[in-house]
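Below, in structure tokens: the form predicted alone, a single chain.
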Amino acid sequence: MLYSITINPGLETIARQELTERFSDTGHLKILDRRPQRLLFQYRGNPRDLLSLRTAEHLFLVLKQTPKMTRSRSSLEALSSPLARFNFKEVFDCCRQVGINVRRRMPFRVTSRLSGKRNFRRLDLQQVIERAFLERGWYLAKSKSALDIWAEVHGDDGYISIKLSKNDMAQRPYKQAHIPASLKPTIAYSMVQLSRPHPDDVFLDAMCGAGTILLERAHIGRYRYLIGGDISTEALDATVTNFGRQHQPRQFFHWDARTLPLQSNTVDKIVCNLPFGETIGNVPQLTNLYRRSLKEYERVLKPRGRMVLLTSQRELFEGELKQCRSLKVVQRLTVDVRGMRAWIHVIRFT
């Protein structure tokens, strides 16, 4: 079967690595294409297994892929016409495996997405696909639909897919408590992976917010100790709520990251979503925070330790990082965070 996952912009390589590491040994996986915000692949195993991918925003079963879509309205016919004679037996089996109830006369809805210059509208795309399914005897759902059909045209490619995942694939069930500007779990997971997690890690997030980074580290596997802290009591309360009684040993502190009550050279990995400019409110405050917290990170990090830090303030951050002579950027990724351009810096203690 042909599947695709959508991915937060900038995390495509990490998503491919996760997919390969988890499923290539089974012999069921063949990655066909990597595009911005999307991976296309064949998988012969149970699709329920794919719902556990931690980099994926959504999982789709691809019914039809049409490469080299033209700008003309006639290309809509090339995308929709195969649906009239499509055999849905395997598709329905796949849907049942992920818990979607299917039947001969299906309620459905169509979500359409369109990018690039075309001689047709997004609504035209939606209506053409709706008509193809109505001609099969299916009917448009007035409220909750059994099948969520996605019709997409991006660049030269057209896709007709069934969305297999629920919204909490990206949001995570553990996110019971939220705070403003909380980090997306898919980004948090990717940052943890970039830290190269190891079972002996003492792992620190000194500005932990709702605990998303710490929880993603806990879900990845064994560690020696998790340490989290934040200057906000509201954030710490959210972290405690989201952790519940799980994932020991760990400890949370109410502190200021500029003066950490930790001994020097005691932490293996530091992963942190640094406050952005709009959160702090002015550049002098942000400069002070970055300068002093980076000095503290440099102090508590072990030799050969590793840091992964996220910020939208690249110039300011890298200017302050140069003052920490033991820290060196070894990798930099551009990502989209709440519609803003931001950078993940992977830093090594040299």
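If you're wondering where the values come from, they're calculated on a predicted model, not measured in any experiment. From 1 onward, residues are counted along the sequence shown.
Not pictured, yet referred to below: the form predicted together with a small molecule.
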Heavy atom within 4.5 Å of the small molecule in the model of the complex, from candidates 186, 161, 80, 273, belongs to 273
Checked 255, 88, 108, 150 for heavy atoms within 4.5 Å of the small molecule in the model of the complex; positive is 255
**Asked** Does at least one non-hydrogen atom of residue 216 fall within 4.5 angstroms of the small molecule in the model of the complex?
**Response** no
*Are any of the heavy atoms in residue 175 no more than 4.5 Å from a heavy atom of the small molecule in the model of the complex?*
yes
Contact between residue 181 and the small molecule in the model of the complex at 4.5 Å, heavy atoms?
yes
**OP:** Classify residue 324 as contacting or not contacting the small molecule in the model of the complex by the rule of any non-hydrogen atom within 4.5 angstroms, answering yes or no.
**Re:** no
For the small molecule in the model of the complex, the stretch among 218-226, 256-264, 94-102, 151-159 with residues bearing a heavy atom within 4.5 Å is 256-264
